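Have a look below at one chain only, the form predicted on its own, in structure tokens format.
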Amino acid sequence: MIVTIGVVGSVNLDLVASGAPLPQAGETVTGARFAQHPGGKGANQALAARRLGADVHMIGCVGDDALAEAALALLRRDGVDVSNVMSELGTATGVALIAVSPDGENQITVASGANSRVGPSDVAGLPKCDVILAQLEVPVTAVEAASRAAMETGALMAINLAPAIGVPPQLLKDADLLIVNEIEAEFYGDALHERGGLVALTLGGAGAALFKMGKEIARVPAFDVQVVDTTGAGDTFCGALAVALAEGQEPEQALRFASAAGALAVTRAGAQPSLPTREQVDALLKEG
């Protein structure tokens, strides 16, 4: 069964310094290794869903600079439809500055650039989808437009509430699925559960849980894997959960599928280069 996922979100180029301790405020550390990879929460989630077998359409914006093609490279290579990713004249492509410690933890600073230009009119380019998936690295007005499009077409509306920022309460109420980590869950509090949709909570090494109307309906432990780089693991979880629910998987099965995908993503460096295939996720699930 091939499902269709529409992603409204950010496209970045990740500039990564890894292997050195994470600096404290005012501190300089040396000895890191440098690499650059395509990234951005929107692009990461789109590519994750694509590698897991979905037909994926991306809505976003890049600049007219030399970074744009590098930021889109893996989306193009893997067959994500980027025909509705706009190029904004006189604007820089979004960049994420990422520091990764020897044990895989990270610190990320994002310069949004062209991502801030994504607007409601861009969402009109989405075809009919089974799921529309959005995050908060693009303007909230674009996410609201995506939510309206989901209601009009009958798509499941999923929002990864990252980064944690204030949003109109109605946006939370209208969503069919909200995805948060522990920090984001604390930020939004009870507002996450004020309607009948699902709330997925990622818990790092403690696994993940799924709630409906404030009551836990599923929980899975974390998979035991060797952590190399946690960058992109949450985005992989989001893309995988969207695919699983669109396929009609039961809540606990879908949560386990998404957790397995997220676990595989931490075993390699980089956000998009680390995203697993459907075969790899199925193999990990079979291993248990």
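Not measured: the values here are computed from a predicted model. Note that residue numbering follows the sequence shown and begins at 1.
Separately, the form predicted in complex with a small molecule exists; it is not shown, and the next lines address it.
- The small molecule is not shown here, but in the predicted complex it comes within 4.5 Å of a heavy atom of T231.
- Although the partner is absent from this view, V110 contacts the small molecule in the predicted complex, with a non-hydrogen atom inside 4.5 angstroms.
- Residue contact with the small molecule in the predicted complex: G239 places no heavy atom within 4.5 Å of it.
- In the predicted complex, the small molecule lies within 4.5 Å of some heavy atom of G39.
- The stretch in contact with the small molecule in the predicted complex, judged by heavy atoms within 4.5 Å, is 102-110, chosen from 151-159, 77-85, 126-134, 102-110.
- I98 is the sole member of I98, A142, L177, L72 with a non-hydrogen atom within 4.5 Å of the small molecule in the predicted complex.
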